[in-house]
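A single chain, nothing else alongside it, follows as structure tokens in the form predicted on its own.
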Amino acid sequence: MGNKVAFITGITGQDGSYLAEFLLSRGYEVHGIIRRASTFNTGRLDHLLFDGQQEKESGLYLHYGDMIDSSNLNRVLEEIKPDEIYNLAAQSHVKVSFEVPEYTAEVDAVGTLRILDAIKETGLKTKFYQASTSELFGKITEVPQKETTPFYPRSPYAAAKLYAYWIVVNYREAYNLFACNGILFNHESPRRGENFVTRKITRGIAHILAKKQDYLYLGNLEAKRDWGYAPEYVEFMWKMLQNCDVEDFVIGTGETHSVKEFVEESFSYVGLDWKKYVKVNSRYFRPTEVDLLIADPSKAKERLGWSPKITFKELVKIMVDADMRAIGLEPIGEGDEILKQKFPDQWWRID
């Protein structure tokens, strides 16, 4: 029997790139779909695809495709016959979803249905992971939030993800598919998109230190989130598909911190007074805000033995170090040391 085959949608994103690295380290053959563009969009994967200027054999294969093209998805799945499917593709920016609600629904909601229906119609014997989100809880009815907490989405993104969540449950129950939802709370890293608030902060600090910008403009500083480290979360995705039981899980740190706290920790790490550099701009406020998210990951710990290693303050240091290095500055270095100590056998590249 050959190596397991995995198929990842959203492989060029933060989670997709880390998941590809993790699965390759486990001996998988990994396939992913990427959208055709006039410029290269594989930056997070290039270290897996190239050795200098030369292509290398890494067990990673990319296919052109799109979550709004069911014929393409069906064709790719029939061709590679994956043992595991990880659906990470999404229009994942909450604020942007208010501006492109229809596209968000097509990709995040109906896109999930397209893959599930392809599995059903082709008869593939595969396991399916759906990237769900803490934004489902929205206007919270319980603190902390767990698997049984009622959902109350507060954005087109969250509403689309709500449909995806329930269509996974429906196909699991109706057609006996191995299909599960990972309700992941915020998870960050140096590969986080630059328009997401954590990365916007750490990248902005690096540019301020390099005298490339004077101020950092942010939205709601009081919003509170449960922030973890992305490489730990993608490993949990894999654990869910190795589980004997088909279950949905909440995954998070069990701590909540405000955007202001993230700002304070980041600026303090480099010895700057954040109040001199941060300005609030109402254009970055959402029409409907999610004020507080905090996970109760006790089920994940009990059933699958998962608990996070990286703390909130350590995450901040890791990201600031990486963005300083990316812009040509000498990093403080504490973040790098944390990674070496807590993950001596790490499977991902330190960015």
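Just so it is clear, the structure is predicted and the values come from calculations on it, not from any experiment. Start at 1 and count along the sequence shown; that's the residue number.
A second form of this protein, the form predicted in complex with a small molecule, is not displayed here; the remarks below concern that form.
Undergrad: Considering non-hydrogen atoms and a 4.5 Å limit, does the small molecule approach residue 215 in the predicted bound form?
TA: No, no contact at 4.5 Å.
Undergrad: In the predicted bound form, does residue 195 come within 4.5 Å of the small molecule, counting heavy atoms only?
TA: Yes, residue 195 lies within 4.5 Å of the small molecule in the predicted bound form.
Undergrad: Do residue 296 and the small molecule come within 4.5 Å of each other in the predicted bound form, heavy atoms counted?
TA: Answer no; every heavy atom of residue 296 is more than 4.5 Å from the small molecule in the predicted bound form.
Undergrad: Given that the small molecule is not shown alongside this chain, does residue 286 nevertheless sit within 4.5 Å of it in the predicted bound form, heavy atom to heavy atom?
TA: Output for residue 286 is yes: heavy atoms within 4.5 Å of the small molecule.
Undergrad: Tell me the stretch among 203 to 211, 219 to 227, 238 to 246, 268 to 276 that has any heavy atom within 4.5 angstroms of the small molecule in the predicted bound form.
TA: Within 4.5 Å of the partner lies stretch 219 to 227.
Undergrad: So the small molecule isn't shown here. In the predicted bound form, which residue out of 145, 253, 92, 126 has a non-hydrogen atom within 4.5 Å of it?
TA: The option sitting close enough to the partner is 92.
Undergrad: Of 85, 179, 184, 119, which one comes within 4.5 Å of the small molecule in the predicted bound form, counting heavy atoms only?
TA: That would be 184.
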